[in-house]
Every structure is written in C-alpha cells, then in structure tokens.
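First comes one chain, alone, set out as structure tokens in the form predicted alone.
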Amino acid sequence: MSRFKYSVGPWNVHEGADAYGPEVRDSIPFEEKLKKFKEIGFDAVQFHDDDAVPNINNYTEEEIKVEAAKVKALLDKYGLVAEFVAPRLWFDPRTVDGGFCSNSAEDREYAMWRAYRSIDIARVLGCDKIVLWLAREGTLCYESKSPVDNTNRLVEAINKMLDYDKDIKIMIETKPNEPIDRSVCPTLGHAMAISAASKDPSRVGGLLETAHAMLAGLDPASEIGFALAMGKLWGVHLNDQNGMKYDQDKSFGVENLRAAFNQIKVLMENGFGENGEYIGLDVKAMRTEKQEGSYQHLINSLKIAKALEAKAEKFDYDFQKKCVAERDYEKLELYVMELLMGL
C-alpha cells in the first residue's frame, strides 16, 4: 500500500496537439476522465479555474459558483477530492504580456479577477489551496519591464489574494523559463523570498515540479529538500525530463531513475503527506500514443512512483552511516545502484 496520496489534472489526458502539429487523439469527456482517474488509483484532482468552469469569462461571480458546484458533485460521485485551483493566466489575450506583472493596469485587474474567482471555485470544490504557475510573469524583452516592479507586483497580487480569503493558502509553482525568457520567480528559493515578503508568510508556500527544477539546472530532490527544510513544500509535481530543453513532462522516472528515487526518498524521509499533501503526477502522453493509450503514461508513472516507494523502504540506513563514517562514497553509490537494479 502506498504511503502517499496521488493527484492528477484533467490536462494530463490530452489530444496531443503541440506547437508543431495538430491533435492526434480525440477529446475525452471530463466525467469519463474522473471515472478513469479513480480506477487507476488517484485520490485527488488538480484544477485550473477554467477546467472547473469552462468559458469562465462568460459567467457572473454567482454563476461561476453554481457551475463549480456541478463539478463538486462529480468529484463526490467518484470518491475524489480537489487538491487545488490555479488561475489560468496565459491563454486570454489580456495576459499576453503577463497577468499580475503586466505593463497594463487594466490587464493586471483582469488577472486579479481570475485569481479571486479561482479562490471562489476552490471553496466550492472544498479545497483551500491556490496554485500560481507564473507562466508569463516575466520578460521576453528585458528592457520592457523592471525586475523590481515585477517582484513588487507579484507580492502585491498575493497580498490581495490573502486579504480576499483569510484561510486560503497559496502555492507558487516555480519555473525558470518557457513560455517566457526570464521568469520573475524561477526557483523555490525565489518562492521562499516572495513568501517572506508577503503579509502572511504562513499561508504562502511552494510547489516543485521535477522538470522545472531540471530546466533551471538544479537537482529536483535538492529543491524538494530545501523547501522541506523551510516547512514550505505544500505540493510536488513529479515527472521527468531529458536534459535542459523544453518542458517535456515525461513519465516519472523514465529518463533519470536515480534522481526519481531520490525525490521519493526525501519525501518519505521528511513525512511529506502527513499534513494532507498530495504527490501530483504532471505527465503527458507521447504524441505518438494512440487513442487507446491515452492513460498509459499515468498508469506507468504511478507504477514507477510506487515501486520507488518500495525501494526507499528497503534503503539500508545503517549501511549508509557506515559508508559515511568511512567516507566510502563509492561503496554507497554502488549500493544505491544495486538497490535500484535489484542486484
């Protein structure tokens, strides 16, 4: 039995379109996805605001809550819960230059409207966490924005969210680049600083995605450990990445098995999940996958994650201490590899 609870987003089952090609699979109805998520073994669902309320801009505040209640009924039907809601601030034309950090005051107001509606939706869905993936909060042309203004505007936006709901918690999902060139909050260290600068640091934490750490040239397990040491790791999105390229969202552990093991191991060692946290598997199917394989990347990732849990359970800490005392790290390194290879 897994010691963790796992979550997934509806976008993790997709049609396969990308910047260089059209859709290759048919859309799957939202309710069908929920049913399958439960069958596969997931416990919770992640949401953008417009995952829960499509065409959100066309509704009033009260209508948005009514639509969100329909989604809550579906979650209840399949024995699932909502983990978080995230305002999607990168598709609307008003967010082409960023949301909270846009040069346009009018567009910044729109971003706040989406943030407030995300909080409303979260409350209807029964969760208390908002995720900020700061997709376009940065610059494509350095001279177009001040990094000082960007940072201050982000803190200001977070403070407004904290004021709007006195119980909501905000998780900053960090990423160094893509779709913008220079992010306003590229690493968990930056997220911790933003938290400290907010009016209520106890309600602002971090969310680490494996691929995003790799894109920053950092080790994901070390980023996880840093946030854990700060008491600020409130969520993780595990996946994999073949080098510092675009964000690939490959199935967890398929490229860097030892790195994946260390991510699971540090989470286990520090009691992640004991306060209700989830491990999200933010993975995407290969574009070559056929319709019948639409969920296989989720099945694979969950299987690998649970297998690595079992490997971490077997880790010999006495042997580790002996190697450390003797400063024989080669022996320790071989032990880890033999553990992973089953030798």
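Here the structure is a predicted model, which is why all the values come from computation and not from measurement. So that there is no doubt, residue numbering starts at 1 and follows the sequence shown.
The discussion below concerns the form predicted together with a small molecule, not included here.
This chain is displayed without the small molecule, yet in the model of the complex the stretch 84 to 92 from 139 to 147, 71 to 79, 261 to 269, 84 to 92 comes within 4.5 Å of it by heavy atoms. When contacts are judged by a 4.5 Å heavy atom cut-off, residue 234 does not count as touching the small molecule in the model of the complex.
In the model of the complex, none of the heavy atoms of residue 128 sits within 4.5 Å of a heavy atom of the small molecule. The small molecule is not drawn, but in the model of the complex it has a heavy atom within 4.5 Å of residue 282. At least one heavy atom of residue 247 is located within 4.5 Å of the small molecule in the model of the complex. Exactly one listed residue, out of 120, 240, 97, 209, brings a non-hydrogen atom to within 4.5 Å of the small molecule in the model of the complex: 209.
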